[in-house]
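Just the one chain here, laid out as structure tokens, in the form predicted on its own.
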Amino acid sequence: MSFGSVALSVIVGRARAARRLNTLTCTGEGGYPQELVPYADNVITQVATGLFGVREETIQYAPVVELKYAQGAKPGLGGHLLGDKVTSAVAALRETVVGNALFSPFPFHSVYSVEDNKKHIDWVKEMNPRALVSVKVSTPTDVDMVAVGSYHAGAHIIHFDGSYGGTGAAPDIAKKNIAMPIEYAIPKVHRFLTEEGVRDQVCLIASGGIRNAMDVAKAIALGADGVVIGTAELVALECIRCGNCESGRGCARGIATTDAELGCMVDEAWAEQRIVNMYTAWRKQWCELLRQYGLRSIRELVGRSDLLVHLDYLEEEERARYKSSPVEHRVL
């Protein structure tokens, strides 16, 4: 979530939480606000098709640089920020005009092959040799081929973003009807890279519709190494899912706004603590789950699809019996 899509206090609160939790947050494609510099070791810089706010120094800050080629919420479309949200601060960071709607192109008009992808990755590595390079793509039917192509182009991380991701700013016609659900994409990519003998040489990160601790566990059991969380963090900040994220003053909680007055509704320290509370609660659930199966770390859960049961495929009696069985014998 970029500066422009959400308030600056939300972005800084997420970065503060990432530092406390020893994880990472991402700038999105809105540029790198100076307020994030103190948290640079925990902030991913995203380079998207609009190249908004992309500068050499912001790439050099980052431990991870993400090249965003597509996203599950808007596959086949670039990012968009309507004019109401392009304030003077947003316009300055994105080097554009106040009040003008911003539409990123799709795709990068310099990338049409694996070789072109490699040129992008090499460019990032030249500017910041210490950074890991992530490639973010949506989930077309040939997502497995996209993943192995990105690996051979030199990417360290492949971040694939399934349908049902995105906030209220994403058009429903795109996010609910085009990309492959992440539950299908993860095992498809995991199996293919395993068969190619390169699975252990690349990190698979999944996102798109992952809402709670058990969704995270399921994604990892299907074959992902980790996940990206977006909307759930906003809900932790009291987002009411009203779907007005594209409006400059439409957010009832001052979360998805660029209005300075509304943005003050969210305090950075409060946002940090709320997000830390959410992940701490999730961690307790993960620890309990691992204990039930005798696993020593969540890494051992990667690819353990044998622990999952698809309830829709069970007969009515079996489903009732399964639901009434002790919790230690099942993963929901």
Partner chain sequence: MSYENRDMVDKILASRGRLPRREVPDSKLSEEGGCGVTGFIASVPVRGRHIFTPSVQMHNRGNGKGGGIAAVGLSPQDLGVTQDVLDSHYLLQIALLDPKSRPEVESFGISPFLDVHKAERIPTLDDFREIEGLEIRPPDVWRYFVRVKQDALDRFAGENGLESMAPRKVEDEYIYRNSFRINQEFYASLGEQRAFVLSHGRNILILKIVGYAEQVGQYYLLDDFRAHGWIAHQRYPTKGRVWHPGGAHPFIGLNEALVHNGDFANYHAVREYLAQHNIFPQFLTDTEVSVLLFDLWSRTFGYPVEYIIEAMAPTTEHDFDLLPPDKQRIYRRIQSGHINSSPDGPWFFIIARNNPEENYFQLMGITDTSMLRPQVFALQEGEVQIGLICSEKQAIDATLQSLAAEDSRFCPIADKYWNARGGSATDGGSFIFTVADAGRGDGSKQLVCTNKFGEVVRTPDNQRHFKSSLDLSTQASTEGVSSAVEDGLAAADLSGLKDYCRRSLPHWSFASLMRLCQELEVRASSSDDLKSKAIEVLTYLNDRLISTGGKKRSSVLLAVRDSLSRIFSASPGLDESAGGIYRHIDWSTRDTLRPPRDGEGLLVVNARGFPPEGEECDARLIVRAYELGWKRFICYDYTGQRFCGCGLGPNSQGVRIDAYGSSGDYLASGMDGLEIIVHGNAQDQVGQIMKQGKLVVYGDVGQTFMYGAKGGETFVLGNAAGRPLVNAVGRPRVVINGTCLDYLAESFMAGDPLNGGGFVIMNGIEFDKDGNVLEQAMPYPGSNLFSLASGGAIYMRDPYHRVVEAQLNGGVFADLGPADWELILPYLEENERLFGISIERDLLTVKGERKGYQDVYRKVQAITLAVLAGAKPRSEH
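Numbering follows the first chain given and starts at 1. Treat the numbers as computed from the prediction; the structure is a model and nothing was measured.
Keep in mind the form predicted together with its partner chain is missing from the figure; the text below concerns it.
With its partner chain omitted here, the record of contacts in the model of the complex names 92-100 of 219-227, 202-210, 180-188, 92-100, defined by a heavy atom within 4.5 Å. Although its partner chain is omitted here, in the model of the complex all of Glu115, Lys118 and Phe192 have a heavy atom within 4.5 Å of it. The contact residue chosen from Asp259, Asp122, Glu238, Asp215 relative to its partner chain in the model of the complex is Asp122, the criterion being a non-hydrogen atom within 4.5 angstroms. Here is the short version: of Tyr279, Phe52, Tyr32, Trp286, the single residue with a heavy atom within 4.5 Å of its partner chain in the model of the complex is Phe52. Its partner chain is not drawn, but in the model of the complex it has no heavy atom within 4.5 Å of Gly250.
Although the partner is absent here, Gln60 sits close enough that one of its heavy atoms falls within 4.5 Å of its partner chain in the model of the complex. His156 falls outside the set of residues with a heavy atom inside 4.5 Å of its partner chain in the model of the complex.
Taking the partner from elsewhere, Glu246 is found to have a heavy atom lying within 4.5 Å of its partner chain in the model of the complex. Residues from 133-155 that approach its partner chain in the model of the complex with a non-hydrogen atom closer than or equal to 4.5 Å are Asp142, Met145, Val148, Gly149, His152, Ala153, in the order they occur in the chain.
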